[in-house]
Ligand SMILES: Cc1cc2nc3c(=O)[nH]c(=O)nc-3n(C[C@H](O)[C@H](O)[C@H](O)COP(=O)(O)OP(=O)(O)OC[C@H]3O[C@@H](n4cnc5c(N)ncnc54)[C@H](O)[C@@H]3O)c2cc1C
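Okay, so here's just one chain, in structure tokens, the form predicted alone.
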Amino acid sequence: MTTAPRPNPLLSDRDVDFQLYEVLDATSLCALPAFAEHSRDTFTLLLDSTRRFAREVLYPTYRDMDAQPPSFRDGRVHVHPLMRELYPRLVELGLLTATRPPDVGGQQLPLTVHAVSTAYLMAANLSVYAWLGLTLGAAHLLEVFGTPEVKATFMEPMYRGEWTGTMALTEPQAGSSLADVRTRATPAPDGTWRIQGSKIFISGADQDFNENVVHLTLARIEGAEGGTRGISLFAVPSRRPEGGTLVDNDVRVAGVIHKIGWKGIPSLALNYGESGDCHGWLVGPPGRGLACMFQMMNEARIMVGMNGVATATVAYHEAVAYARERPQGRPTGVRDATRPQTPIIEHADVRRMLLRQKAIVEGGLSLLLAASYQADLAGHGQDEATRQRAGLLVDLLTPVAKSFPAERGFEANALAVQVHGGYGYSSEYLPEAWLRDQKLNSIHEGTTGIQGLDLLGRKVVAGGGAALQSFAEEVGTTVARARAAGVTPEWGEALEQALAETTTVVTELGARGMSGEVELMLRHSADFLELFSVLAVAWRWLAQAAAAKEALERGDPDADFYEGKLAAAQYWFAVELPRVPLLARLCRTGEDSYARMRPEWF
């Protein structure tokens, strides 16, 4: 008699509780006035409802939506029919306004709790959640920078779930170079603007499951200066309110991008104003569009990081379950072919692959939650000094929180395919689909290369190094906790040494930049991003090791869970952290193999 395989949990509830309450102490946020109405009980209500919906409703739709992407017929995008049922039910969970204040219908829950709640939905079917995530980001942007008229017209229907939203930045000729945006905005007598231009790779820019889509669009006002300072932000609906109804707003879908993943949400090319009748509403001051948009972009980058964690984690759980159930071969040294085969999880190399996945996904989740925790303090800390310090930490951690889960998550997803062997390379098993999904996370909302330039060129040197100093203080606090808990002292010492080396690198590279050697400073920005990612995740693994040791010391019966944490921490400190000196040397010496490489040499 065989037993049915356990359903994929998407994320481990045990690990989520550990990260929230043993590593971070998320309930301490309830001491802040903004979150005083909440407690662990209200956190659990949100977590339980999203977990249940993700597992029972959303996850069963993933395979079908991956197989049937949206279609483009008669000038409109037609999404999977299930979206007509799924989106209203997502809205009913309250996630659109969960972190927003009561005056816009929100519950003002901490981002820390909201972020991990959404991870279950992302792991279940990331494309479906993307519709909600993009709408939340766009509506929040209008909440902060919109006029009362704009809020009433666009934000409120979006928060009610009646309309969806997008972020429309990229243009065919510009790509990631936003200074080259050409979409134009011309003032009209009625106080609105006429928008004309093209955008590409706009996720969720058309759908047929609710009334409207609002595009938060970057455009250049006629006569504005060149570069990023001449860019303004506009709310441009697909259908505009007029005479008590919605009428066509001259926004046309010019094409559908045929993607390899994220099949449940379309990526589109848009044309604005082909007939000269595309109305836009200014959001924020003229010429400050990119500064306003960066609020949404940073939120989107953290969301992408959580997507990376979720997509790697669901594949990790699938690989663990398969390895436990799949019999193949016999233990090393056993030659008796009559002996029963052993599950492949008993083979050392399979355990190596699973442990590497565990180190990546649980380290990545810890990093995302630490960044979210600092975002809560940045927005709602008790005093200005606390808010400023936390804001610096969020800015510092965001490029890493976005890129590490994407890059290392892709590696973890590839390992999940590998654990499945030949079956993993077939479409009958899901790991190949998650691998396809994961790749986008290193591309959209700023490529990994852009994140490296941002981290080294701006974030680590911000405030004269104040952000890095605050990070060093966080590391010091974690090292002290680990020592008190009885964690292997060499781990804390290695982390302190890696931090000191990183600080030296930043000082030297910052000096080069100040002296005008900007190319030399940024030459190895990709390596610096890798260095800082390894360091930041080591910090989070030391925090997890400390919490695990504390639990074992008090005799917690869940010893297997905590021993697994200590083994994963050991792996990171033994295998990953020793890479810091090599990466630091590349950054400091300015090794020039690819810098001197000429195009004609390739």
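In this text, residue numbers run from 1 along the sequence as written. Remember, it's a predicted structure, so these values are computed and weren't measured experimentally.
Here the subject shifts to the form predicted in complex with this ligand, a form of this protein not shown in this document.
Scanning 382, 497, 71, 176 against this ligand in the model of the complex with a 4.5 Å heavy atom cut-off leaves one residue, 176. Residue-level contacts in the model of the complex: of 198, 108, 267, 192, one residue has a heavy atom within 4.5 Å of this ligand, and it is 267.
A residue is said to contact a partner when one of its heavy atoms sits within 4.5 Å of a partner heavy atom; residue 449 meets this definition for this ligand in the model of the complex. At a distance threshold of 4.5 angstroms between non-hydrogen atoms, residue 144 is out of contact with this ligand in the model of the complex.
Using a 4.5 angstroms limit between non-hydrogen atoms, residue 184 is distant from this ligand in the model of the complex. In the model of the complex, at least one heavy atom of residue 168 sits within 4.5 Å of a heavy atom of this ligand. You can rule out all but one of 242-250, 441-449, 501-509, 124-132: in the model of the complex, only 441-449 has residues with a heavy atom within 4.5 Å of this ligand.
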